[in-house]
Each structure stands twice: as C-alpha cells, then as structure tokens.
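As structure tokens, one chain now follows by itself in the form predicted alone.
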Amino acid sequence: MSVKSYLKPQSVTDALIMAKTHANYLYFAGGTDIQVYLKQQLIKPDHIIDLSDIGELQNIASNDENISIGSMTTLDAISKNNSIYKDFPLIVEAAQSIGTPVIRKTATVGGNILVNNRCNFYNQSFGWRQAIGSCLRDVGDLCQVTKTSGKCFSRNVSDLAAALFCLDAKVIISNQNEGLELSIVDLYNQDGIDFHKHLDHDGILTKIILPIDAGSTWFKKLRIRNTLDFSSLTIAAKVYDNRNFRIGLNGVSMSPVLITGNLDMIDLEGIKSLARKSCKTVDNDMMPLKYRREMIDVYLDQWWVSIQK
C-alpha cells in the first residue's frame, strides 16, 4: 500500500479543508483498528488525515445537565474521569471492556463509535479473500454467509454505541456545510456496507453529549478472549426512575439495536421477543450462531433479575 501524504491538521476547520482538497482520504483517530484494515488491504487511501493534534476534540466538559466528550478522547481518559465515573459508570464499564490497557491509551471514543463493521469472511488477509472468492462488501458479488447478492450482514461491534444508545446520547458532526446535532441512534444504517449516516460532506464526529438523568444501569459483553476479541454480543441497559427503560444491543446485527418501553407495560418475554425480531444475526462470528442468539435471552434474564432486587 502506498500513501501519498500523511496530514496532521491543528483544528477541525483545517481537517475539513484538507478533506475537501484531497481525494480518497481517510480520517485517522487512534488507529487501533484502522491499521489492521490497512495491513489487510481492506482500505487503500491516498491520503491520511490524522486528527490526534486537534485539542478541541479531546475535551471533557460538564454542567448540571450534561457531560460532553470530545471524540478524540481516549478510552483510558474516559475511565479515569471523575465526572464520567460519577454520573455515567456505564460508559466507564463499556470503555474498560474494550481491548487491553495499552490499546485503551490510544483508542478513542469516536473511533469506537465509528468502528467498521466486521465479518469472518471479510476481515481476513488479502490472500485469504482471494482464495475464497471475496464477498460483495469487497470485490465479489455474493455474501459468503448467506450466499446471496442482496445484502451485507457484517455486524457492528461498538461497545460504546450500545451504552450510548441506552443513555439517550447525542452526537455533534462538523462538515463542510454546517454543524449537525442528532441522536446517536440516527448515526447508523441497518446496512453492512453503508453503516454510518450523516458523515457525507467530509463529516467529522466531534463531540458526544450525555444528558444527566437518574436511573440504574447494567452492562454485559460476550467474546471469546476478554482482551483481544471484538464483541460477539454486547447488551447495555438503563431503567429510569419512572420505570421507562432503554436497552442497547450490539454485535448481533448490522447496526446497534435499541429497545425501549416501560416495565409496567411489558414483561421479560415481550422484551426478549423484541430483541430477537430486531437483531439480524447471521453466522459471521467465531462463536456459533445458535449460541449467540441464545445468549441474548440469557443476558436479558440476568438483567431482569438485577432490576428486581
């Protein structure tokens, strides 16, 4: 792979100008996953725009109503921030579940939120993909999982997204036109190839805003190796004082899944049914498909027991 230029803007404005004037560019955050994609030749940018020198993207600020987190804040910094630990222990738990302590010193909040979807048949070496015939997400015309050409089912694996879904977070995107504030739920497509929305016009995810609201939270993550593997299933949940609940699921569909309701209006079996219908789970993970589906019910059982105490 040959990169023509490696650029380090000092501000978001500089980064947007560089993006506008350089075709086939890649925004680079912590790079803990992107470097693997580069090595496997899954992405081939001509220009890399490294955002690590932009100080405004590394700020954490709080007031009585919310906490805002810059997208280039590292997962390690999240875990050590007193305000986040006090008001959003769920975010700390999710951040600490990602990678190793060394990785968390480099990996960023924005990078995890926008992590590329994964699939056993796609996330392989160039030679491996050539041998099997590749897939419609790469250069082939068939999904190697379903053997169809209609849709890619690569799965979203952001653990922070599951937690942010149930915390009703908002995100700020800066682009060539104007700034945009939207619910994090609206950042994702249920599509294994075109999995992020609102990042056209060279958009940069700059900030995450978390509203401070009382309630109990719960988090669980399934993977083979705790420090190395991406999530095979992540479930985060929050129950508010009025008994409304929000449950974020990830690792089992093309985008994170949100389930909402009120505990006085739906029982556990109803919640499980909603989860199964909402998740488009296929056999594209190291863990068996049947087991991953069963674990959705198991984790929801555990959450249900925890909120009865």
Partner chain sequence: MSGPIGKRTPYIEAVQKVTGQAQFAEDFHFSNMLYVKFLRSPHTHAKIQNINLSKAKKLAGVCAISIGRDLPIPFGVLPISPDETAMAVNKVRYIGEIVAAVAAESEKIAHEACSLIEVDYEPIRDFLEPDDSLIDCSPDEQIHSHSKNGTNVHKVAELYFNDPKKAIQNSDISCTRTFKFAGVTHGFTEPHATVAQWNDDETLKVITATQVPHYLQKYLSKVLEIPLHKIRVIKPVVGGGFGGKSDPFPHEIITSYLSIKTHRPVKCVFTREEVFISNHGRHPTKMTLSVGADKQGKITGLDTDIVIDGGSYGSFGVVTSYYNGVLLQGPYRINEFGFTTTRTYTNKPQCGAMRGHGAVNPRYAMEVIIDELSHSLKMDPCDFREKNFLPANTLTVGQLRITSNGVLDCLKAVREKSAWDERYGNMPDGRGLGIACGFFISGSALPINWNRYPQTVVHTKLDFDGRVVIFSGASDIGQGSDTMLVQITAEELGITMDRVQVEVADTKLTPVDLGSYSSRVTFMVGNAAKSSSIKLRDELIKTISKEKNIKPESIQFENNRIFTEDKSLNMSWDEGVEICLAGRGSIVTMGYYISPQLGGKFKGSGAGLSPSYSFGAFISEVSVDKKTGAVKVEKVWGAHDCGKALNPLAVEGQIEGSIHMGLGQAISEELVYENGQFLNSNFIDYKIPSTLDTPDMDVTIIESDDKEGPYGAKEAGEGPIHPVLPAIGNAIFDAVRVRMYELPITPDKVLRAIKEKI
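None of these values were measured; they are calculated from a predicted model. Numbering follows the first chain given and starts at 1.
Beyond what is shown, the protein has a form predicted together with the partner chain; the following relates to that form.
Of the listed positions (139, 142, 131, 199), a single one reaches within 4.5 angstroms of the partner chain by any non-hydrogen atom in the predicted bound form, namely 131.
Between the options 168, 191, 229, 87, the residue in contact with the partner chain in the predicted bound form by a heavy atom within 4.5 angstroms is 229. Contact between residue 2 and the partner chain in the predicted bound form is found at the 4.5 Å heavy atom cutoff. Put simply, residue 294 is close to the partner chain in the predicted bound form: some heavy atom of it is within 4.5 Å. Of the heavy atoms in residue 182, none are within 4.5 Å of the partner chain in the predicted bound form. At a distance threshold of 4.5 angstroms between non-hydrogen atoms, residue 298 is in contact with the partner chain in the predicted bound form. For the partner chain in the predicted bound form, the listed stretch (120-128, 205-213, 158-166, 171-179) containing residues with heavy atoms inside 4.5 Å is 120-128. Contacts with the partner chain in the predicted bound form, taken as any heavy atom within 4.5 Å, map within 28-42 to 41 alone.
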